[in-house]
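Quick setup: one chain, the form predicted alone, written in structure tokens, and binding and motion questions come after.
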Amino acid sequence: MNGTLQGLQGRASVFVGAMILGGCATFTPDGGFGSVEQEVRQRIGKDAIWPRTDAEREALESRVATLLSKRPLSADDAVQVAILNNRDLRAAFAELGIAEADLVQAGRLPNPHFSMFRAKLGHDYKIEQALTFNVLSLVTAPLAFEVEKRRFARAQQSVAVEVLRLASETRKAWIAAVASEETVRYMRQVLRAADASAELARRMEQAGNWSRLARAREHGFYADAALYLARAEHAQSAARERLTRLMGLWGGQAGYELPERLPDLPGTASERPDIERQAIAQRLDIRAAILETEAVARNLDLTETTRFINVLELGPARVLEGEKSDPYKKGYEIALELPLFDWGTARVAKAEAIYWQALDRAAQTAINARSEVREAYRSYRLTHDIAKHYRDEIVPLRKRIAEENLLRYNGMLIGVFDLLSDTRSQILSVTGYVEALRDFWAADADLQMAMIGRVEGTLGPKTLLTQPEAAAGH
């Protein structure tokens, strides 16, 4: 009697569990994108939208057009356009749909299996009918559902990282594009000064006041200045096209206008003594690695649970044997895999190897995160010091020298070539400051990204320090 009650209770608990599980296995209204949207808004204050209807796509295009109509286009607007309009990012959003479909599939009851056998000899029949359910899948369904649930959470973390990485890359591309345009303007000034110097040297040679060697030196500088300008224009084109690609623009959209100069250098660099601990607590790739490890651990439990029996089907059956008018014999059918040749050791060994692989990768992710954030912070501080040195020392010094030389030229103490050479040096020192400022803002973007996840590309200063004297040829 007690055994019968326990059997009924067991079957009832399995049924209730299955019904609860089936109730959880539904698609969310936002496809799981709500957590991504919230994460992006908290981290960088931008809107992440996944358009899935024509009306939503039209609204998104209208918003992108409004942002692009701003003149000039700010860094924040460029980042927002990229998040709304980059098609690779939208493709990454689809990963959420795939992961959620797997989650829903894991939470649904398996279909029953119906089988029928029919044979006839004269008036003798043999008919077998069975309707079976995979009882084992009901037992293991909670474990499988938990695995897919963690994978879905990991997919949400990965998509959020993709959005934030695109935002960081777009910000750096905007910085490079603005700096390259500013550099081109300065290089054009250098070329004009070199052209004037070369023309003056030509006339003085014709008047017999200069040697051919002195004129050749001035003309050589003009040739170098033309080359520098060509390279600067090449860099400007490449930087702008990269920004255009990240924002997903084409056709007339690519005619956006950028500001003439980068934002000013902050007075002081921020002090972050506890930056490593903060990075470990905040980085999404570490959270994703932990979720992956937990999912693999649950998968190992599932494999160990089913190592001996993969299939256990049970259900009602009936058999008719003899005349067709004879009654059916009713009973049940059970089917299971006999572990005679495969004891499941290979599957368990594979699951254990995957678990240790995930564990080591999670540990390495934490090690890389600490190193990356240290490197990013050092780069941030050093590039700030370099740009500050340009701003406070080199540029003002060149300006004072230029003012003194102008006084001496007015007093006929120096010649026009000395004045032109000094003007070129001053312009190139400003160009060096622009590059240093660009490196600082790029390092600042890298530092922000390092607090979120892995930084793409190499860190560190990128300025090829300008040597005004060498460029001037004096």
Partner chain sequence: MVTRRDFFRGAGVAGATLAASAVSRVSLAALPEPVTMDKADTQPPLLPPNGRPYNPVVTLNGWTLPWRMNKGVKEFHLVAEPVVREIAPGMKAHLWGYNGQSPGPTIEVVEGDRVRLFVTNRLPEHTTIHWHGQRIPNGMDGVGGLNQKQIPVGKTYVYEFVARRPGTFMYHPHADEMTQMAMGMMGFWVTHPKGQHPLIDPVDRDFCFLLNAFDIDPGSYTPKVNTMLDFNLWMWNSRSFPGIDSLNVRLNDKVRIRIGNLTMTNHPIHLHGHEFLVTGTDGGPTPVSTRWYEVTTDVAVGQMRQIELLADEEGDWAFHCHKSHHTMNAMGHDVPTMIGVDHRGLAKQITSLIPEYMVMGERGMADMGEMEMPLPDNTLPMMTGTGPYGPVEMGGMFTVFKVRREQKPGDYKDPGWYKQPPGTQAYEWTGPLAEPARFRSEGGQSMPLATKSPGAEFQVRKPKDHSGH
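The term rigid core refers to the maximal set of C-alpha atoms that superpose within 1.5 Å between the two forms. Residue numbers count along the first chain shown, from 1. Just so it is clear, the model here is predicted, and its values are computed rather than measured.
The next section is about a form of this same protein that is not shown, the form predicted in complex with its partner chain.
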Can you work out whether its partner chain is within 4.5 angstroms of a heavy atom in all three of 362, 366 and 377 in the predicted complex? no
With a cut-off of 4.5 Å between heavy atoms, is residue 34 one of the residues that contacts its partner chain in the predicted complex? no
Should residue 119 be counted as a contact of its partner chain in the predicted complex, where contact means heavy atoms within 4.5 Å? no
If we define contact as a non-hydrogen atom of the residue within 4.5 angstroms of the partner, is residue 411 a contact of its partner chain in the predicted complex? yes
Quick one: does residue 353 come within 4.5 Å of its partner chain in the predicted complex, counting heavy atoms only? no
Contact residue in the predicted complex, chosen from 319, 204, 401, 131 - any heavy atom within 4.5 Å of its partner chain: 204
In the predicted complex, which of the listed residues (385, 199, 304, 95) lies with a heavy atom within 4.5 Å of its partner chain? 199
Residues in which of 41-49, 442-450, 58-66, 402-410 have heavy atoms within 4.5 Å of its partner chain in the predicted complex? 402-410
What residues of 425-443, in sequence order, lie within 4.5 Å of its partner chain in the predicted complex by heavy atom? 427
On a rigid core superposition, would residue 143 pass a 2 Å threshold for CA movement between this form and the one not shown? no
Does residue 215 move appreciably between this form and the one not shown, meaning a CA displacement of 2 Å or more on the superposed rigid core? yes
Answer yes if the Cα of residue 410 shifts by 2 angstroms or more between this form and the one not shown on a rigid-core superposition, and no otherwise. yes
